[in-house]
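The data below hold one chain only, encoded as structure tokens and taken in the form predicted alone.
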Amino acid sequence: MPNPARTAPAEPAVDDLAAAPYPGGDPYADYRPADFAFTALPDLADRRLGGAVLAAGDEFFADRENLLKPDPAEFRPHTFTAKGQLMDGWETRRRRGRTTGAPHPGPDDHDWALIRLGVPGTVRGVLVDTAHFRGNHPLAVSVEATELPGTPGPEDLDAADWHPLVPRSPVRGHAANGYPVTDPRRVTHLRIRQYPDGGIARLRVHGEPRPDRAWLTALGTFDLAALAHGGTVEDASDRFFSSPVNLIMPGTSRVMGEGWETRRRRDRGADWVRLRLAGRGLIRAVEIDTANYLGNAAGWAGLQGRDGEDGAWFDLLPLTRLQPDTLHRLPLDRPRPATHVRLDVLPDGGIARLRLHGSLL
């Protein structure tokens, strides 16, 4: 009779999922990135939008809240606590079998975490980042979703009707693991399972925002471009230094890198961003903030609007001179209905935030 301690686990690891031990030096030198089209969409679980990890079945080695940090995971070698190497992510203890005859975890054993999206929406892809988790990453993950109104707690979510979003899928260590999603339903919460245990550095949930329309109607006047209200960046001329999605993030930028900055233009053209508003609305006032852009703020900016996907572009705000590190508040003389807006920047440079105050029609 074979020794049960030497039998193979129920779900053996695949060689190409493994990562080499930390070799020293730059911890990202052997990180395995990947390019997924869905990452151009905003992260609906972003902590800055109100995303949160509401509960987890285990977080013995590293806290669940680390999952939604906006910054890349850090690694400080030989930094130990009483529980082991300090890890910047969510890490659970090692699962064990229940008896001497079955010392390995069962095929369906897993750890879980409940995620509240900062903005409800349709998920187009999930990114599970296992940066710095090499011999301690999970073997597989799955993601489920649900839609509940209000602010449900873990007990409410436990009784919710969940549907699969990402089927049980393999995970590579010290790598970006992306899973496209085709389910068109609106969701407010996710449940991620990792099999059988291990560590995940970051979780990103990319998709299209679909906020509560009744809430927006109750607000009356609000920022029609804000990501939190359903505004979306459709396209931009330049993403060299930072993402144009930063323009419609909540709050004020703290540093230069939290806005949208283009490379230095060497021709006679202009840079631009095209946005889809939260809905067809009437824009009455505009805020263009160049906070933290001192020697590299945009020089001039103008706005054009469009009413409908096939509508003609019309002027909303004429070309306006901008000052560095300044909040520009600009009432519109002739508000017009619009579904889309294009921000033109001349000749190049940085803008921290764009606010388009108005109401839905």
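Model, not experiment: these values are computed from the prediction. For every residue, the number given is its place in the sequence shown, counted from 1.
Heads up, the form predicted together with a small molecule isn't pictured, but that's what we're talking about next.
Of the candidate stretches 252 to 260, 187 to 195, 168 to 176, 79 to 87, only 79 to 87 contains residues with a heavy atom within 4.5 Å of the small molecule in the predicted complex. D271 falls outside the set of residues with a heavy atom inside 4.5 Å of the small molecule in the predicted complex. Though the partner is left out of this view, F38 does not reach within 4.5 Å of the small molecule in the predicted complex, counting heavy atoms only.
A residue is said to contact a partner when one of its heavy atoms sits within 4.5 Å of a partner heavy atom; D223 fails this definition for the small molecule in the predicted complex, lying far away.
Using a 4.5 angstroms threshold between heavy atoms, R94 counts as touching the small molecule in the predicted complex.
Checked against the small molecule in the predicted complex, the candidates N136, T232, S243, T146 yield a single residue with a heavy atom inside 4.5 Å, and that residue is N136.
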